[in-house]
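The chain below stands alone, shown as structure tokens; this is the form predicted alone.
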């Protein structure tokens, strides 16, 4: 594994080791090895964040490294200096790059032209770190002994709401990688971007999901009900239209009751209670949203440790 830009950058043969390492880091926090000792990892953020920034900064520190936060406005990236030249220069200074930005092509170019590992901390197309942390969160609950990844196979996840967002895209990729089934529900007009459909086909996952405009159909027999905000960063001008179109897709206690008994609720946060999900669901025993948030730290540490070995 050279970079982590999309889910399939982690080969299936690596999954057991990666999930086991994340569990080790969680169980032995502060008492494990320091694979980033003597290294500096730069974090280039074009989008604001809470969980992503804090989990990566803390994770780099706990692995023995030095986090270097670079706001996009503080450097010359795309403003007088090409992305390719930025990648080549930073490759002379730091040992890895963590990038949170808009265009997926930007992280791809940084990886293609630099000589250090690059991690996609979110683009408009994909959010792979979130999905791996989510999958680890589920495997913790369902797995027994060392069978963390195996516990995901055959399970069904239902994604309700904006089926064209980066988290929905990444869950389609992740579900196919982990051997899960995925059903999505949302307005018919909110289709996946052509770029994503092309990526699915390249990965051999074309047709690897079910879509319906009926949220109750989507959640039938689902082990997990997942949603995300209806208005992603950069789409604020569409707020009124999106809320109107999405209003039938709020995750309510009634919708959760239509899923499999004992189904879990997940959300990558921040949540807008009363829009994509009710406060009652957020506060319910089915909700594991804060376990997801915590596990961003442990899974991302495992990903950085694996990349640092190369």
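What you see is a predicted model, and the numbers here were worked out from it, not measured in a lab. Numbering follows the first chain given and starts at 1.
Form predicted together with a small molecule: not shown, discussed below.
Annotated contact segment (heavy atom within 4.5 Å of the small molecule in the model of the complex): 122 to 130, selected among 106 to 114, 69 to 77, 122 to 130, 91 to 99. For the chain shown alone, residue 51 is a contact residue for the small molecule in the model of the complex, at least one non-hydrogen atom being within 4.5 angstroms. The small molecule in the model of the complex comes within 4.5 Å of a heavy atom belonging to residue 296. Taking the partner from the other structure, the small molecule in the model of the complex has a heavy atom within 4.5 Å of a heavy atom of residue 268.
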